[in-house]
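Structure 1 and structure 2 below are two forms of the same protein chain, each written out on its own as structure tokens.
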Structure 1
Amino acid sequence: MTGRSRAERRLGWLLCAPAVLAMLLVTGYPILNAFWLSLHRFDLRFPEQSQFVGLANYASVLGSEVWWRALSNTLIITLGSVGLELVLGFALALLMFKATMGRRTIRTVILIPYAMITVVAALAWKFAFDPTTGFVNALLNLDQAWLSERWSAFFVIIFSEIWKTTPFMALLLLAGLTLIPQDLLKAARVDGATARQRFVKITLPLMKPTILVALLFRTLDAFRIFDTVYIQTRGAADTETVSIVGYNVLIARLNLGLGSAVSVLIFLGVLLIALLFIKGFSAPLTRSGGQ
């Protein structure tokens, strides 16, 4: 590395330092405070009984059937929504990329759901699937109480998530499609490669980092799902997620110690997902040379 490169690198770190310091203060302190509270018995209803209990709160959470059932529910929603969003998002990204007429109109229409507030979208689909006032039962000629049974409630929650966030996935994948060298695809077409071969052999490998980022963002977001479930079922019909459990313990029951333990476990889950994605895809997150 030359002297000029070292100077530019040092200047880069100095310019980033204020933002890094602000991020550490904003994110680091709450995380450390939550971990410290999770090591205490700290119930706001009985503050005089507060004391250091070590890992007892974690043992209580991990030994609870409620936690494991909520974790199972969270994984069902995460896998169901993110998997379908990737397929639909890819199809929409290809549609937006290939469209030659009305490209702006198509992109605007596709992105409308993502512009809506999540709470509004959750309420809209809750009313749509309502057995008395919604239009879904009338449209399908059914008499189904969708949000009163576990699997039909999961269907509504996952459907709402897919409808709301598939445009976000499509937008990220569209950005990846625009970075693929078109000369490479034209050369493959001249050599006789079919559309399927060009997609599998060229498009998918070149879009691997983009797919990783899209899946990572959406998986982390889906794992922390709270608002859609809270609005549509409030955890009823056995649809409670880990975030709902954290809310009930921390906010509804005012048990800061136990609720902080749940929050730390959710944070560790998010960290584990990020590491698994980076290792699993083996995608380079930095340029060669460690830059």
Structure 2
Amino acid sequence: MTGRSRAERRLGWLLCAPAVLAMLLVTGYPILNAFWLSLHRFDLRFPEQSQFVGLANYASVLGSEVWWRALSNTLIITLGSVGLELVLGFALALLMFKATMGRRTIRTVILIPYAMITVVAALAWKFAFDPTTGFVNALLNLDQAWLSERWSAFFVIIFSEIWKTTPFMALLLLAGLTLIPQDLLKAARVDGATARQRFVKITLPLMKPTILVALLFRTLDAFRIFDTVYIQTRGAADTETVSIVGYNVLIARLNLGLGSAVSVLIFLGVLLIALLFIKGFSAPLTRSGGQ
């Protein structure tokens, strides 16, 4: 038995090793490398001037207004899109769950935004909101240069994000909805609970784990937003997000030292969000669930 379990142990590790190694090599090594680079002055245009500078890169990133603006822009986009997606996603999930007519059609169509490339979705909405080529202004009888002003640009970016990713949220929530025992809802209905009461007191508490998973996935995704902003404004009109800043410093300006400091800070941001959610996961479900 011990021989067998030892063989099993070895096989387990052997089978996992290639995947684990592939992931470690491309995430573990670069993040350590990024950390190391972030402690150096390292500009690819002037490689001979490289030297160890300690935390100076972090000081200049954290001391610059660009970083804090980008961080608040990212948070605005994250909160705006994820918050609305949760509400819309819930409505969509309920629709898919309850619709008697055309449920299959809805389930199929809802996958189209998911299947569409983010870049293409961003372009489609960019062209739609464009004052000269778009139909949105004609439809609303407006004369608005959407992407050249900060708040209207945010509106278009958040709108595009919501369009693209609500289906994902809805599908996860739908999976959670199907796990709720229907007898419970029926019993509550017989006992005279209104639709609202049933939703707030039964559906929501039972859905809490699913909601947290969906929120975590979407929040992390939204925090890393790059494609939509790059395509729609390239960060102009004060819509730069942290990923855009990172990309610009690293790839456009080739400043690996400073850019790596930005990368490490983004990594820490993602880590912080994940930790906050994981704390939320382990919080006793009954506390907010009972009332």
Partner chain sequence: MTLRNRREDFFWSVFGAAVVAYALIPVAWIVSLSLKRPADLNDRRFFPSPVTFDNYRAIFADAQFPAALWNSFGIALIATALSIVLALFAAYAVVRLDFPGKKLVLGGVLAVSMFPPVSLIGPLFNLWRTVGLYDTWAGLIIPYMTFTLPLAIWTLSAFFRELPWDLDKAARIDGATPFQAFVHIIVPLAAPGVFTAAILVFIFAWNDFLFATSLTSTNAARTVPAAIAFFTGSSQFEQPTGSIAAASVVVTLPVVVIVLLFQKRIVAGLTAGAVKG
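In this text, the rigid core denotes the largest set of C-alpha atoms whose superposition between the two forms falls within 1.5 Å. When a residue number appears, read it as a position in the sequence of structure 1, where counting begins at 1. Remember, it's a predicted structure, so these values are computed and weren't measured experimentally.
Engineer: Where's the form predicted in complex with its partner chain, in 1 or in 2?
Structural biologist: Pick structure 2; the other is not the form predicted in complex with its partner chain.
Engineer: Leu271: CA shift of at least 2 Å between structure 1 and structure 2 after core fit?
Structural biologist: The answer is no, as the C-alpha of Leu271 shifts between structure 1 and structure 2 by less than 2 Å after core alignment.
Engineer: Honestly, after the rigid core fit, is Asp143 moving at least 2 Å at Cα between structure 1 and structure 2?
Structural biologist: No.
Engineer: For Val119, is the CA shift between structure 1 and structure 2 at least 2 Å following rigid-core superposition?
Structural biologist: After core superposition, the displacement of the Val119 C-alpha between structure 1 and structure 2 stays below 2 Å, so no.
Engineer: Can you read me the CA shift for Leu11 between structure 1 and structure 2, rigid core superposed, in Å?
Structural biologist: Its alpha carbon moves by 8.5 Å.
Engineer: Could you state, for a rigid core superposition, the Cα shift of Asp191 between structure 1 and structure 2 in Å?
Structural biologist: Its C-alpha moves by 2.6 Å once the cores are overlaid.
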